[in-house]
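There is one chain below, alone, in structure tokens, taken in the form predicted on its own.
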Amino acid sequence: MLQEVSIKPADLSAYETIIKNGLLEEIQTLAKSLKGKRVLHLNATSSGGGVAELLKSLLPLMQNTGLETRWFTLTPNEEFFTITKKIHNFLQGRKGDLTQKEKEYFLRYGQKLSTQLDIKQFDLLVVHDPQPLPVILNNFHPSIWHCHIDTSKPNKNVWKFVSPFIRRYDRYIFTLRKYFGPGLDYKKLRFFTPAIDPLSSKNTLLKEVYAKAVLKKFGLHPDEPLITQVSRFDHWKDPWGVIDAYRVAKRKMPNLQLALIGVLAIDDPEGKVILADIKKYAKEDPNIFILTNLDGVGPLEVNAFQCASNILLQKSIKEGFGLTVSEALWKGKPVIGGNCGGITVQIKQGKSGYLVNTPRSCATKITHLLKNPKLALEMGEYGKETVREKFLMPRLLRDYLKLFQEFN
């Protein structure tokens, strides 16, 4: 039921010229008393989503600081992941309920999962998101549950089912204070935002000629205006609304192109269904490009699309944080995002981009930015400095080390 992901230590000093002054020294000071601590991180999968991407960069840095860090994921199980995707949606407020059969399956899986870990092998357990939540049935302590979604207004039926598991943990990490679910112990709450890795292949600076070559490879016209949304194929990301906004903007910008790029993750069976529906909704428009990892789009290609786009979108209707917003801002691009959740923390209205509520308002901002390239450039520069200050990986490492100190 569990598989270990190999981790190779990363060089923390490589970030010294990128991050704000004093952060590296603070990390080194915090790490001294934690050296040798055995920390285990557990999440659903090692690829395909924001959590996996975050851990790929964070955990090697943890090892570099002297923590004995290990990473386990769940063995792919379509039935279980179908149930946990439902739980994910219910925790963000979708109506309905799990069936009794689904609840029993989730419990049985959790009981088996809890027996797979040997408590003697680690000093700290960090569990990410709802999928491995019931591993706590074996009463691992000290333990931390890191919730990457918004549970502020969860489905009451499903919250009643899962919240007893959450309460067993010694600490809860939430992205924002307002995401804190009802009935939990406020004293256990810690909150800090996710972060991106500026040195990863997805975020290193690419030459314009390379980025344009990637666009050509996938059939786009690199010299025509392009808007792009990078995200999972998920109801909450509102890809239909993105297409609607593109269609309205295209009336004034006939050469406008739209790219929708996402990963089909093994823990998200719903993704294939939504992808098929989006392709149908696009109505074979030759200027709409819907691409996935199955088309050969990896981190470097995503980087190229972000670098080559005029504007980047994240028109979510519900969003825990939205790492793609930080990625886009780091590329020096203006971002138009849904006026919700963690997106509102990253985009400063009118400074680094725009927050919108409808496809029509999104379209208005698209055409405004395309007609004002100087403004778009200024917004991009402002957004990049915001990310440097708040949303780079060493800062997230610092936050974790401070939390681990509480159990030292």
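Because the structure is predicted, anything quoted here is derived from the model rather than measured. For every residue, the number given is its place in the sequence shown, counted from 1.
A second form of this protein, the form predicted in complex with a small molecule, is not displayed here; the remarks below concern that form.
Though the partner is left out of this view, G380 does not reach within 4.5 Å of the small molecule in the predicted complex, counting heavy atoms only. Residue contact check for L91: none of its heavy atoms lie within 4.5 Å of the small molecule in the predicted complex.
In the predicted complex, the small molecule lies farther than 4.5 Å from every heavy atom of T228.
At least one heavy atom of G50 is located within 4.5 Å of the small molecule in the predicted complex. Annotated contacts: S309, K333 and L370 are all free of the small molecule in the predicted complex [non-hydrogen atom within 4.5 angstroms].
Just one listed stretch, out of 259-267, 238-246, 274-282, 170-178, contacts the small molecule in the predicted complex at the 4.5 Å heavy atom level, and that stretch is 259-267. Only one of the listed residues (I136, V126, L323, C147) places a non-hydrogen atom within 4.5 angstroms of the small molecule in the predicted complex, and that residue is L323.
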